[in-house]
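For reference, the chain that follows is the form predicted alone, supplied as structure tokens.
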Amino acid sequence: MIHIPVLRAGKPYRSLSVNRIPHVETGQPFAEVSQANRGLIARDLLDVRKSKRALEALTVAELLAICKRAATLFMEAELPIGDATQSPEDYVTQTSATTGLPQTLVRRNMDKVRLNMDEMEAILGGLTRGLDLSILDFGWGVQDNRRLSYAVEANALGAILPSNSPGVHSLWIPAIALKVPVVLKPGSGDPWTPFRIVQALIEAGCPREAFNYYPCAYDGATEILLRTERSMLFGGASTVKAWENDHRVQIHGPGWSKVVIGDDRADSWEDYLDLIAESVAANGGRSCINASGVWTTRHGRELADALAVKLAQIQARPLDHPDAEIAAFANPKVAERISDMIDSQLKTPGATDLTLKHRGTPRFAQLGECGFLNPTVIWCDDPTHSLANTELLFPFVSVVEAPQEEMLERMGSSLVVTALTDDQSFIRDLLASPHVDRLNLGAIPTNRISWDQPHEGNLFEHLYRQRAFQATA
């Protein structure tokens, strides 16, 4: 059985306490992961300043070159994992086996991670708004005839990571190029991705001291959040709620992302059907940037029915199938409970599942030991219905009809809004809304991200603050 160790300042550590992860298709133990307890984490983080000094010895330019080399290694190399090695194909099959993500989607996510490391200079350019990065090497510098200085806010970045999609692991990597060590708690289903990223960076020349990797229980995650001056937390609404008002913690919770069709484009809804389908179903519908809502002023029922026809073509398939597009749930009973919850809420008037009649099979599907939820389109003729603003871990979307002037208030918070409109007044309202985090104006699917733009909060601004600075010379 594959064993994945704890990494303490980059050094492997085999714990007496282990967690065995089952294969989602067989239910049999597949991998063994060493567990870090709260005391070990607390003790290690007392020395994290030493890890930071190892990164400070390198220039940002050198770290960017390391990231570029690591991109190729992550994608192509045989890298260490415990007492064994892992090929790129091993990584794909192993990640699919414990997350339920089809191998086709693991490969696509793998390329996202590669691109992130390969384009790190452009990403930092976007996050820092064109800052001369050598200023971070010397502590201060002159740019555009201004003296600038930045102070780092943390000796390490903690990251409580998810298992839903390997691509999201790209979000912590810029911390290394910004000279901040990382303290990683992997998701229980995906210990593979952050471990492989770390090994690629070490192999490329990054000081191993910059990496702490702690598979652990909830108390260990809490210790990381408490002991790192800056962190990022991925999780559902109940998980992130306790930390929402802690400025040290950057929250990556539910997205409730949406496609909004303005009144001036509502009659052209058919032109956007492919865009909407991609927004909903790309990456198996498992990302916070997948659209869980489509809001329009009219033709909502027609749009929902046409979208249901399109998404009903996506069916549950084995994880190694070349056309597999949706993920399995590691625990089929979780998928059943989600499906039952939807059906229970559909008993309240104002919402209808339009997908069933076009798919011809139930929403819940079981293939072997795997449980799947097939794509589901809900038509909400009542914008206040509970399903009008619901996000779930599969291609699930509600189509809602509402007057344009009421949309922003009724929609609530959205990580991404793709706005299909030329109405300048509506665009100004969207730009002014504090409830829209990321705005796409025009035909850009919600899942299309530009890595030189902040995904959900700006990591550079999370880690650094500009200090007042004067010098006589």
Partner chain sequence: MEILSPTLTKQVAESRERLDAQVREVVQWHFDPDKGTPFWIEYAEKLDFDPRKEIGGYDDLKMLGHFEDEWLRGGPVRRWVPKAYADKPIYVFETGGSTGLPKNRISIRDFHLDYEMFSDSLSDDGFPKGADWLMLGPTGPRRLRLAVEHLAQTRGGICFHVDMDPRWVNQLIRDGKFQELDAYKAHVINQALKILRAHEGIACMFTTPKLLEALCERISLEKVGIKGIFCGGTEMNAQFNRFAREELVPGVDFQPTYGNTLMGLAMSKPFDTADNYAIIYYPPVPRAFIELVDPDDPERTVDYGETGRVMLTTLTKEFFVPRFLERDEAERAMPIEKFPWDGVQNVRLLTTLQDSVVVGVY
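From a predicted model like this one, the values you see are computed outputs, not experimental measurements. Positions refer to the first chain, counted from 1.
There is another form of this protein, the form predicted in complex with the partner chain, and it is not shown here; the text below is about that form.
Proximity of residue 299 to the partner chain in the predicted complex: non-hydrogen atoms within 4.5 Å are absent; the residue sits far from the partner. Using a 4.5 angstroms threshold between heavy atoms, residue 401 stays clear of the partner chain in the predicted complex.
Remark: residue 364 does not count among the residues lining the partner chain in the predicted complex, judged by a heavy atom distance of 4.5 Å or less. Of the heavy atoms in residue 17, some are within 4.5 Å of the partner chain in the predicted complex. Of the residues 151, 122, 84, 242, just one reaches the partner chain in the predicted complex with a heavy atom at 4.5 Å or closer; this is 242. Taking a 4.5 Å heavy atom cutoff to the partner chain in the predicted complex, the contact residue among 432, 61, 443, 46 is 46.
Note that among 64-72, 433-441, 25-33, 38-46, the stretch whose heavy atoms approach the partner chain to within 4.5 Å in the predicted complex is 38-46.
For the candidate spot formed by 8, 223 and 227, every residue has a non-hydrogen atom within 4.5 angstroms of the partner chain in the predicted complex.
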